[in-house]
Ligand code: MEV
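Let's start with one chain on its own, the form predicted alone, as structure tokens.
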């Protein structure tokens, strides 16, 4: 493939026959014929049986790619595993608008995860907390002895933080061990360190360690993405103002913010699943971070620049790995990372945050202009047509008529199908 053609800016990608879409991704990502064939095959049951218990089969989701993404001056085609209509198309369109003014830029903090040790039954809480901090070096050394490979890679336990919390059980001490997990999600490494520290901390304090486990509120592992959305492409400054009016409700009202942030996770979860990461951990961390100040609010922020263009930003914790877990076992997850062309967890988090911002922009843009249903129902109409029994070319015919009539309903789809036949 010529370098000039290696771009994620693809006009009418969704209109291409599936074979042509596959061929484009194959060339863009240098996939072999054998690798491409993996996407059309079901997961090997022996692999599935090693991943979880009581396996009886596999459950597939559609795998698509979002196009037009330009992040930190590099083009990406982004794999997304999702069942929801309009998500991929919306993200691709948002990326196309952001691309006009340079695409997405990101900032990423160090990949530090938090492990928690809950200390109970301490008579002198302040004295116990001091003893823990006085022995910080010994505790960190012990933690790092648990994972020599991680330390050799430049990671490892970095710090200890001690918190004293009031509870119905009385005061308790919660110690945070801060661990740089490099390119891993980090749960196994952090949990192992927590368990290793428990006996020493009990001996130091004469207390009892109860919980010793990773926290999914990974607020020391933050990712920020930013983009400028061209006002003319959006439809003018009045549309930008309408967008900001819509966004403002999410910034002040948790009822709107919950739906607003769900739209962000529509995109983020799809990439997380496609790359074999833990979307439940990402979800819990994101929503907890949205409520970090005691009030649930938007994960994104928007404002106008001096020229009237819309500036969007997102900040959230992303505990993402490219080594360990399903990321290394699942064959399709490995190939999705190859399509992305990423080599570090940091780069993957940059892509994920940018996708989340694009997804949010697309949803609020639709809500503040044509309404969310127009695009969504246009795509959903095909699902309804299939549910009604349409096949082949019938699907498009039934779906088109449903949209034109504005009645995307199963009973009407069955009537239209009877008329066609």
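Only a predicted model underlies this, so the values are computations on that prediction, with no experimental measurement involved. Positions refer to the first chain, counted from 1.
Another form exists, predicted in complex with ligand MEV; not displayed. Remarks below refer to it.
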query: Contact stretch among 29-37, 360-368, 64-72, 47-55 - heavy atom within 4.5 Å of ligand MEV in the predicted complex; finding: 360-368
query: In the predicted complex, the one of 251, 188, 145, 259 near ligand MEV [non-hydrogen atom within 4.5 angstroms]; finding: 259
query: Heavy atom within 4.5 Å of ligand MEV in the predicted complex - the one residue of 124, 84, 110, 161 that qualifies; finding: 84
query: Partner contact for residue 266 in the predicted complex: ligand MEV, 4.5 angstroms, heavy atom; finding: yes
